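Only one chain is included here, represented as structure tokens and corresponding to the form predicted on its own.
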Amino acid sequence: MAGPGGDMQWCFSQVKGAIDDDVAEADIISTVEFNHTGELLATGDKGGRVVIFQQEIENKSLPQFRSEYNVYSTFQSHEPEFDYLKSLEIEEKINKIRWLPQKNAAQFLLSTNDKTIKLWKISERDKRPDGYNLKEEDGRYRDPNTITALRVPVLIPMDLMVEASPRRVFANAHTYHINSVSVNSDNETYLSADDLRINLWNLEITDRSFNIVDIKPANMEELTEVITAAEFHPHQCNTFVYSSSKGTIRLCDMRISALCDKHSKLFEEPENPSNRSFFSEIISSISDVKFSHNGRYMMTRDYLSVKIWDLNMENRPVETYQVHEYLRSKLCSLYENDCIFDKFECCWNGDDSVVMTGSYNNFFRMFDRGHRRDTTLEASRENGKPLQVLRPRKVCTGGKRKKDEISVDSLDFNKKILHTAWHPQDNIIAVATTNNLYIFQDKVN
């Protein structure tokens, strides 16, 4: 990506996870999220686990080794459950993780599976109480008759322990699978969205939520679209957007009415008749929506493209970037192997100048908005030497293939990057392949 002195080069930093070709289903990464400072990086997987990595302090004598992320805490967030009324298994897979802004020494995050959202507190302990009156060192209670003097307990240093404890459990509010969680800028409320409804919660109250969007028709046979993603505006606590499987984005204002079924703005691009096909409806479904940090724009990801919308212009996006247009001719086979239903996420860099999203063959794409440049990079163990610069990849769509190009027909559709995250301040990115987390950073000269 373009920097002040030309093109920015990305280099390999770390890879987390097992190297084995046999991947256990539970180890597949399902979400990746940096906290607000970028010091912590959380991943969730299909086994219901949350792994948090902490950024180590930079080595001042070796500026090229700027940051390493090491395991800080691992805990089981969700367990598999069974809904006896509906005879349905509820997966433990973590669908989303969202960090809350830090207010004290502890960190808080929300994690959700298909049905239940949990608020976790992650705190450090490096001291322990010593000198109890009624207990021995090993925890056994002392005989009160043997106590002859009163001791004042003291705190003594101990090895650092990181504890994760569930502080709130928000359950029984969603009939359908939760696809989004978004913390409000007021830091008191958050929303959770499933296929047909969006609920508003207070972080302190677990036994009730307010339904703010309900698109469920009276007759389910009349159902034509579902909610695919939802997010609060980063600065306006009354504004949120939600996207649909029909390729539309609705912006709602909670000041207008308690139930936001009537949107304030509808963002929709008319379809190009020349691209009309049997698969048009499927590939126009929006899989992710993200506001820019400054709140002026929002980005949406559909199957083939990333679109940037100005909140002041509803009729068409201000920028459209083709992620893998070469797959348009392959939609039939992608439909047969179900890849056409893959839900790719997207993310902004810290100053909203570059956007990133994933593709197949463990490729991921970056689009530099100011310089109108794009690049394709690959997350691969072959690039896994420390500080090895990533070479841009090119896909050959026909004709004679050049030496460094890869043919469309040889792309591996089982290797896909659905989840990516960008450090909020630095050029450090986290990219999840199936069961590995790759961390790349820009090259420091």
Partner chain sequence: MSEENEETQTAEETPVEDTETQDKVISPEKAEEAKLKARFPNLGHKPGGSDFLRKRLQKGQKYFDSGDYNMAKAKIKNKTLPTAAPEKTEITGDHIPTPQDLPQRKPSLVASKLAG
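Owing to the predicted nature of the structure, the values given are computational and were not obtained by experimental measurement. Positions refer to the first chain, counted from 1.
This protein has a second form, the form predicted in complex with the partner chain, left out of what is shown; the following refers to that one.
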Picking from 104, 224, 257, 165, the single residue whose non-hydrogen atoms come within 4.5 angstroms of the partner chain in the predicted complex is 224
None of 173, 283, 110, 251 but one has a heavy atom within 4.5 Å of the partner chain in the predicted complex; the exception is 283
Within 4.5 Å of the partner chain in the predicted complex, counting heavy atoms only, one of 340 to 348, 258 to 266, 146 to 154, 132 to 140 shows up; tell me which. 340 to 348
Contact with the partner chain in the predicted complex for residue 427, defined as at least one heavy atom pair within 4.5 Å: yes or no? no
Applying a 4.5 Å heavy atom distance criterion, does residue 231 contact the partner chain in the predicted complex? no
Just to confirm, residue 27 within 4.5 Å of the partner chain in the predicted complex by heavy atoms? yes
Considering non-hydrogen atoms and a 4.5 Å limit, does the partner chain approach residue 35 in the predicted complex? no
The partner chain in the predicted complex: within 4.5 Å of a heavy atom of each of 100, 214 and 297? no
The partner chain in the predicted complex - contacting residues of 269 to 290, heavy atom within 4.5 Å: 274, 275, 276, 277, 278, 279, 280, 281, 282, 283, 285
